[in-house]
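Considered here are two forms of the same protein chain, supplied as structure tokens in two stand-alone entries, structure 1 and structure 2.
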Structure 1
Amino acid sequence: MEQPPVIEMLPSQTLAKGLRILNAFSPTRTSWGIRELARELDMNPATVARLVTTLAGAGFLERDPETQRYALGPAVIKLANLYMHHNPLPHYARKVFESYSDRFDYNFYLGTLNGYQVVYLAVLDGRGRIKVMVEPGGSTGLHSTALGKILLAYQSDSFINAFINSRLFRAYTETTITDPETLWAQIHEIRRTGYAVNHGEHFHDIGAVAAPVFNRRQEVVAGVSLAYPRNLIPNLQVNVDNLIPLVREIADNISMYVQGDARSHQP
């Protein structure tokens, strides 16, 4: 019997460009003008104008009539609320973080992979004086943060090579890894040890340790990191070494929830 032809579905370039526009918004860039957005994304201004108008008409963006700049619109909140409703993991993770807040004074994060960036799903500011201003939904780099490196290390080699060849593989501080061989060496070490460390590679004064969250198939679906001010922690290396078992314990607790067996580890 003759088999029907296989039809390969090609991605919509127009939709992809619209999603790039939405992803350009962040806690540090809450609004854009058409021309600066076009420059940022290396897109034609006329194309950006058409897409932005369409997104605004659907409620995903809104225009300030005085400045003519665009910000995220109410439709984004609807989708975010739907996501939180069907995925209770961020709420559970925050409860876990709160249960450990007496053992770590600074910032707790849960994040997952979105393209070549980390998206934060849950955040808890500790009791310490220094805060790292990151909100759920914010994003950051893969190679410059502990959370990013833990997620990157468990991707395929082809994914990692594609990221290295992207424009996002760049320096944020003088200690950011920008050499592919050095990054690969760290990835192999992360795969061997099961944790990642950031030594001021995204923000000079901020360090972090991270561990993976696994599902039942032992796939990494998220990561947990503990971030701290490097200049306020005495005996930095000793204290970082002490944080590794803690971040692993927290990640294991959340992994048990993901795998459907959190009964013995209720926060």
Structure 2
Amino acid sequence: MEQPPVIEMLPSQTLAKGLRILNAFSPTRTSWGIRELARELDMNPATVARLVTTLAGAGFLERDPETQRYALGPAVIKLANLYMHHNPLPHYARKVFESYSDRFDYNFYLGTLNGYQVVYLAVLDGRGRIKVMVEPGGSTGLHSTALGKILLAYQSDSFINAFINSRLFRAYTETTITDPETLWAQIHEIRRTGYAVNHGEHFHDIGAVAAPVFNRRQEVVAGVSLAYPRNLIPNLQVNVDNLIPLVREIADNISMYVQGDARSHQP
């Protein structure tokens, strides 16, 4: 028995089921059959068939007539395009990132919370010894990246516990945190200090430092992280300490944009 991802009690259960189907797609599962999906989501095949037909009819899924399997459809990219244009955050981030990128070798990331994952809204490589590891729209876990930890730490305790009990709380590398105690310890540290670090817990050779972006109501609406190649930095501690004020500064600059404006944005 599987419990629905983030959500406690949503008013429209049928719609919620349809959205669960959309969220079942991932980099490792790009297409689904009806019964396969029904098994995964613990739903009746007849129900899944009806929902999937509706999703496909509206362009959110596409049916491969050969294999009878379903993949995501073109409707989603239209929505994403609208989201990226209307949402000022990525624009602000790019503007700020660009004013730093030619001075540092790090990669810059802006991400926000989506369910139990970070979803990246803007990325930029600095003078780039490492390539950007995640692109806009990509997502990573909340416990395995600096950005994820930042976003997680500022959520409610009940949210954090729900995440810990979810299937997404799992190991990506040997150093990924898998112990709730350790995670909670880091969360308290993050809440106290206002920044998060990551030592190869998602990608082996990449470390990162992250700081929160606040809106006018002092809610965390996004996070910023700087990523660096770990093997190029002999004395880690010293360098990471240098990064902390930098990532804070960048995050604060973005916060200022967010708080200054709030809705005055033209596509």
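Here the structure is a predicted model, which means the values were calculated and not measured. Structure 1 provides the reference sequence; residues are numbered from 1 along it. Heads up, when I say rigid core I mean the largest set of C-alphas that superpose within 1.5 Å between the two forms.
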### Query
Quick one, which of these two is the form predicted together with the DNA?
2
### Message
If the two forms are fitted on the core, does K17 show a Cα displacement reaching 2 angstroms between structures 1 and 2?
### Response
yes
### Query
Honestly, after the rigid core fit, is G115 moving at least 2 Å at Cα between structures 1 and 2?
no
### Query
Comparing between structures 1 and 2 on the rigid core, is the C-alpha shift at L168 2 Å or larger?
no
### Query
P74: how big is its Cα shift between structures 1 and 2, in Å, with the core superposed?
2.9
### Task
Give me the C-alpha shift of E40 between structures 1 and 2, core superposed, in Å.
7.1
